[in-house]
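Below you will find one chain, with nothing else, as structure tokens; this is the form predicted alone, and questions on how it binds or moves follow later.
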Amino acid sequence: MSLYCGIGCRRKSFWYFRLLSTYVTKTRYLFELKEDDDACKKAQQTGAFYLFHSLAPLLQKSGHQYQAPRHSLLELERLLAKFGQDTQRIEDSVLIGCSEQHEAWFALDLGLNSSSSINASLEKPEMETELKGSFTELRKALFQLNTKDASLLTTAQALLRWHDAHQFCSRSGQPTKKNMAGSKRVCPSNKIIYYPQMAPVVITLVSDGTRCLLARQSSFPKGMYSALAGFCDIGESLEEAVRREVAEEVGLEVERLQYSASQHWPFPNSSLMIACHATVQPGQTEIQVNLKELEAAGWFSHDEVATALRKNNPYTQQQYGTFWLPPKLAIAHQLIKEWVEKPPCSTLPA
């Protein structure tokens, strides 16, 4: 019996190690590409490129879904040559990931003015005709993408936007130089290194035990309600940011909170969404909406929210009735779904 158990344990350890080592080797390969320009340039030879134009990704429509086509380096070089562009423009690409087989994935924006050459941006209509697709605003297309493409394209857009906005050193005013992978920019005159950054944002679903609080901003699509959200202030902890945002936006005091998950969000700029559940005392639920922050806010019953979740289809949202919820890829949807399916019971003091 002990021999059988020992064999079983060794087998389990083998498969666990194999799974872990795949992740580790992939992670270390990406680290190498970020740190070694020659290795990154070599990876482009066998890699794949996602194309953008003025921060809008190239997409192809397939039914109710979008697909993000990929292009080899050879295809990209032929495309640039056809439009009279120098292949040096490829140096403007950024590394956004790789497969388990170490095929590197890059993103290149053909609509932004090139920082590595004198070539101007390429014309959008001609590019779309040649590429048999359309450069589509990512915010509109995001929820019609599969999970993998959505993650890669949001990462790509965030990196491309950051590089476009940080081409000069804030200390010397001189042009900064991007490394091959796009993981940093360096000022040649003073050697200051700039790294892409994300702004922390707390997104909080408030509950009084039987109801949850949903709100909407004027910028939201008509009828959509979501959880409360706001940027963390300098010097704040996560808990302090949650308490302040809830107090500022709806005039309630958080009693307890529980961390749920986090998500990168590229709109309007790159943010790290930190999702939490929060509770308020049942006798202290009167909402005082801050109209400078929100258009409306209200308490919704478990049945109302559960019904909205079941009907939450982006193609029939006009049939939702009085309100609808963020689509599945948004972390707000996850928060609301967690509350409906299993209201948090293990909480921490705020």
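Throughout, we count residues from 1 along the sequence that is shown. Everything quoted here is computed from the prediction, not taken from an experiment.
The discussion below concerns the form predicted together with a small molecule, not included here.
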| query | finding |
| --- | --- |
| Interface segment, criterion being heavy atoms within 4.5 Å of the small molecule in the model of the complex, picked from 176 to 184, 128 to 136, 163 to 171, 228 to 236 | 228 to 236 |
| Partner contact for residue 105 in the model of the complex: the small molecule, 4.5 angstroms, heavy atom | no |
| Residue 109 within 4.5 Å of the small molecule in the model of the complex, heavy atoms | no |
| Partner proximity in the model of the complex: residue 81 to the small molecule, non-hydrogen atom cutoff 4.5 Å | no |
| is_contact(residue 199, the small molecule) in the model of the complex, heavy atom dist at most 4.5 Å | yes |
| Proximity to the small molecule in the model of the complex, single hit among 85, 263, 279, 260 (heavy atom within 4.5 Å) | 263 |
